[in-house]
Ligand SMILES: Nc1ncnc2c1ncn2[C@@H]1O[C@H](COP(=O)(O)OP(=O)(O)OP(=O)(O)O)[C@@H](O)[C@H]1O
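Starting off, we have a lone chain in the form predicted on its own, written out as C-alpha cells.
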Amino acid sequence: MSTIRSRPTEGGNPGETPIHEPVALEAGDAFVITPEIQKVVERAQAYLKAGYPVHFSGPAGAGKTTLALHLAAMRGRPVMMVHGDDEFGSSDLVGGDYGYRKSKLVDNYIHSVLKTEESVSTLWADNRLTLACKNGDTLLYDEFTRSKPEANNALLSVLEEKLLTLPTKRPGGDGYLEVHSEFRAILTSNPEEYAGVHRTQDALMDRLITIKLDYFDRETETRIARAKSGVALEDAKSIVDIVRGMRQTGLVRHGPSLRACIMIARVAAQQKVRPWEHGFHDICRDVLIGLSARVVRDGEADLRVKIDELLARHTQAPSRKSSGTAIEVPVTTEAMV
C-alpha cells in the first residue's frame, strides 16, 4: 500500500477554515508491475504529461483505483481525493458556506452614550476541486459517475478553458479562478449498467481520454494475488484458475473480479490452508456464492454446481495434480502504490 501524508492547505482567505487537505502519496511495496500494466501506465503518463485528464473505465475489481493512485504517486504532487456520491452537488466540489461569524462592537467612548453594533457573515470554505485547481494538485475523482451529471458541470470549464467559475459571494475573488498549470485530473468509473451509476454528459466525456480496462491476464492476477496475500505460487495459480473459471461460465453478469482472488488467498494464508486441505473449499464457496445475486438467469443451483466442478479440477494435491503448461511466474514485484 502507499503511504499517505497530509500537508497544510496553501492559500486561502483570512479567516477561512480549510475543510480539506491534500495527501502526499509515497511509494509502497504492494503494487505489482507486469508488462500489461506497464503499457497502460505509460500511455496514461503520456496523456497526463500532455495536460489531458485520464479516465479509467471498467468493471469493478479491474484495478482502476489502484492504477489511479499509482499514477498520482508517480506525479509527485499532492493529491485531492473525491469519491462519487449520488448526493453530491456542485458545492461539494467547488465550495460553499460552512458556518457563520458573528461580531459585536461596543462603543462607550462617551460615558453617557453606549453604542453597540452587531454583524453576522457567512464563512466560505473552498472544496477539493477549487483547492486542487488553485494549488496545482492532482485531482483523483474515484467513480465520478456515481455523482449526478449536473454536480460535475464545474469540471467542463476546468478541463477545457482552464478556468473554474466560482460563486460571486466567495470572498477575495472575482468570480473565476485560473487553473494552476500543474493541475491534473484522474477519474475512474464503472460501466453504466452497474447499480447507482449515472450516464454522464457527453461534453464531459469529450474532454477525457478514456482507457478501457478489463480483467487482467492470468499471470498478472496470479502475481497480484500472491503479492497481496503471501500464498505459495502454486496456490495462487489454483485460486486464480478457480475465479477465472467462474468468470468464463457466463452465469454471472459481472465478475468475479480480482478481489475474489485476493479474498480467498488472504483467508487461506491466514488460516494456513492449502487448496487440497480441509476448509479451503468452504472458503471458496463462501466468497463465490455471493455472486448468486448477479446470476444472469435463474441458475443459482448451476452456480453452486460449477463452483464444485472448478474446486475438484483445481485443488488436487501436488502428487496427483496433472502437469500443466502454465509458465512459472516470478515472485518479484515493483513498488509504487
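Note that residue numbering follows the sequence shown and begins at 1. None of these values were measured; they are calculated from a predicted model.
Just so you know, the form predicted together with the ligand exists too; it's not on screen, but the next bit is about it.
Inset, instruction - Using heavy atoms and a 4.5 Å cut-off, decide whether Y52, L156 and A203 all contact the ligand in the predicted complex. - result: The answer is no: none of the three residues contacts the partner (heavy atom, 4.5 Å cut-off).
Legend entry - Contact residue in the predicted complex, from V79, I224, A236, L129 (heavy atom within 4.5 Å of the ligand): Exactly one listed residue reaches within 4.5 Å, namely I224.
Inset, instruction - Sort through R259, R218, H180, R253 and report the residue having a heavy atom within 4.5 Å of the ligand in the predicted complex. - result: Answer to the contact question: R259.
Legend entry - Partner-facing stretch of 280-288, 62-70, 304-312, 267-275, counted where any non-hydrogen atom is within 4.5 angstroms of the ligand in the predicted complex: After filtering at 4.5 Å, what remains is 62-70.
Legend entry - 4.5 Å heavy atom contact, K228 and the ligand in the predicted complex: Yes, K228 lies within 4.5 Å of the ligand in the predicted complex.
Inset, instruction - Would you check, heavy atoms only and a 4.5 Å threshold, whether F31 touches the ligand in the predicted complex? - result: It does: once the ligand is placed as it appears in the predicted complex, F31 has a heavy atom within 4.5 Å of it.
Inset, instruction - Consider I37 of the chain shown here, and say whether it contacts the ligand in the predicted complex, taking contact as heavy atoms within 4.5 Å. - result: I37: contacts the ligand in the predicted complex.
Inset, instruction - Answer for E143 alone: is it within 4.5 Å of the ligand in the predicted complex, judged on heavy atom distances? - result: Contact with the ligand, yes.
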